[in-house]
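Only one chain comes next, encoded as structure tokens, the form predicted alone.
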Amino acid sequence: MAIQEVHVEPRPLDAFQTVQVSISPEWTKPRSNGNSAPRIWHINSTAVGGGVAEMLPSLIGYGRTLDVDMRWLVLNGTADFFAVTKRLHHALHGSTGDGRELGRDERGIYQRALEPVAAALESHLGAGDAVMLHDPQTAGLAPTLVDAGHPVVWRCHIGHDATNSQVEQGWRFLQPYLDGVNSYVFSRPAYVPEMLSPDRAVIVPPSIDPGSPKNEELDAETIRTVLVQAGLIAGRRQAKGVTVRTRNGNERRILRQAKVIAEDELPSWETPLAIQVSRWDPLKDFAGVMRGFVSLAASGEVPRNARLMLVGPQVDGVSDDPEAAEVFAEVEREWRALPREIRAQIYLVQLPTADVVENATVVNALQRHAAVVIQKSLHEGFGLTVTEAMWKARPVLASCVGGIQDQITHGVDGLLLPDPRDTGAFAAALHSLLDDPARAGGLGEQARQTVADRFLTLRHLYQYTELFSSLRVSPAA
């Protein structure tokens, strides 16, 4: 199938009351205005893995509760198509990626892969339906949708604060598809390229859902049970799995075990963990995180006998990320070259992705258990793993790049690394957080308040519905 619908049920707003965050009354008013309200279709390239797939179920679910008829379609592409779009992903981050060009051949691959997708859309979209296309994978659908008379918004979740030859090459590739769309949405102003019409650009920061399996409240015993069953800390697993109950009464089933590469036994419940949870992407710099920790371990200066855990999805579990296996293999090779006594302090983890809720519950428990959460990205569009950890009142050590710098105020609600490639500075900052739990806890508490004030789903949904309302009134020329 060229495209598939992902069905999302309405979500009650109870989660926002349970966590007692202040919500603007404007955000929770029903948005329907009778028969004139269109359906809004979100289209992206994967239902599992990455920030877009994390956000859409919540945006759509709460939207449907508030009388906004939102739907979700996922396109299916070829391996060559996803290699080209991954190259585009790197280019818009200012990176060369695999080094391939973005020329005529790549454009041909891109367009041919989207032709059956564009044709399949006819069976889903009705007259007057609006569409939000997400990221480079979907941009090539815009001309067909515009020609059919649909209001179209292109949502770009990535970008680079500065312009270089790679950024320019990426935007040259995409621009022909985007000239006719009604509006563009970016996560921060610096990402808006000069070649796109600035009067059609709207800034909408991403968000997290406090009621989702990834972010709902878990007590300490539930966290421990989940991590033991997932094979991430020492303890007795149940062969038939376990069912845990979250604080708001949801039951979550944990059956599958993570694939853990380790030299010795799993860490105990009492062992402090520094973790990074991300896709296996070279821009996330897992190897750099490991090198920084190794520099502490080699000098015998890891406070509190802490351990490092590098965590990502199973390498074949995200359909639109062809680099995952290669990136993981490179990290594993570097890990295996370390002295045994240092390897024993580092764990490489692949989480199962067959069950989205199970995967999210395990990540939730792991982030809540962590002594420090790291996000040492070389480039980052926004960084929802940062938002998630901040919401859980964890001290976050992250690079001062992209949208991360919009979330963290250094020394107030986390620590920022001015240069993500400075291994010594990273190691020193990590040492300071592990060595001073009281300070780390204070940063974490303020971090949760920052997210409550600025980065929750209802604000995000309100901005989207306001945008589509404005397009219906006076669509862009």
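Keep in mind it's a predicted model, so treat the numbers as computed, not measured. Throughout, rigid core stands for the largest set of C-alpha atoms superposing within 1.5 Å between the two forms. Quick note: we count residues from 1 along the sequence shown, nothing fancier.
One more form of this protein should be noted, the form predicted in complex with a small molecule, which is absent from this view; the next part is about it.
When you look in the predicted complex, the only residue of T138, S278, T222, N182 with a non-hydrogen atom within 4.5 Å of the small molecule is S278. Taking a 4.5 Å heavy atom cutoff to the small molecule in the predicted complex, the contact residue among G312, G211, P151, G402 is G312.
Look at 291-299, 332-340, 224-232, 356-364: in the predicted complex, residues with non-hydrogen atoms within 4.5 angstroms of the small molecule sit in 356-364.
A residue is said to contact a partner when one of its heavy atoms sits within 4.5 Å of a partner heavy atom; G383 meets this definition for the small molecule in the predicted complex.
In the predicted complex, D285 stays away from the small molecule, with no heavy atom inside 4.5 Å. Interface membership of L88, defined by any non-hydrogen atom within 4.5 Å of the small molecule in the predicted complex, is ruled out.
In the predicted complex, none of the heavy atoms of A306 sits within 4.5 Å of a heavy atom of the small molecule. The Cα position of D413 differs by less than 2 Å between this form and the one not shown after fitting on the rigid core. For V451, a C-alpha deviation below 2 angstroms is recorded between this form and the one not shown after rigid-core alignment.
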